[in-house]
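One chain is shown next in structure tokens, namely the form predicted alone.
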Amino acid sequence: MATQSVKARLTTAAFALFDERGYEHSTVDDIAERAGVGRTTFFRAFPSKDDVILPDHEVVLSAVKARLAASTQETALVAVSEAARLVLLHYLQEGDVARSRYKLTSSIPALRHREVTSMQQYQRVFREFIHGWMGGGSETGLKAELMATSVVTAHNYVLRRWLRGLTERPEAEFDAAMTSVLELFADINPNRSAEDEASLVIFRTTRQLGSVIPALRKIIG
């Protein structure tokens, strides 16, 4: 079995202590001691105790940016869906840590604010990408904002259902949610030429074919 990194050990120790003692009664020294490291090592890994709440935020955000950057004009919608999926998969892989975070952020306003700020960063990345895909003009700014908001809202809706134990199939629900988002913006096609050529976008879904075909017809014009 691979040895946990110092950052992972600190995160595991922190959430164990938060569950046992509560967030307010768990200090940096407590976390460092539980992880078997010194206080200085803690601050090399995290600027503050609050930062333990979202230990991999920057890593996941970078992965989202990289996935979007790897797309083309023709595959932009696929990239948006897959980039949002990366965020969901990270939470699913965290398992109990994600559920513990949800309890903490639901009860501690400062931590909730930090989580909301992180989601706003994702939304900004999606908005800037979508706006560029649409051409970057002043007339597409609102559409890009609305689409980015819809992507993040769909992701958060499915994530909250999983965190609350309301679904055992979060990935399938995410596919359905993203299909709904694409349906809302099916008339947006910046690649359409003067001759009204259409681009076909393929994405994964678990929905029945009969419900997907009308959305595809809208997308391909």
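Predicted model only: the values in this text are computed from it and were never measured. Counting begins at 1, following the sequence as shown.
Quick note: we don't show the form predicted together with the DNA, though the next part is all about it.
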For a quick test of understanding: in the predicted complex, does each of V6, V28 and T40 have a heavy atom within 4.5 Å of the DNA? yes
In the predicted complex, does P47 have a heavy atom within 4.5 Å of the DNA? yes
Would you check, heavy atoms only and a 4.5 Å threshold, whether G165 touches the DNA in the predicted complex? no
If contact means any heavy atom within 4.5 Å, which of 47-55, 64-72, 156-164, 171-179 contacts the DNA in the predicted complex? 47-55
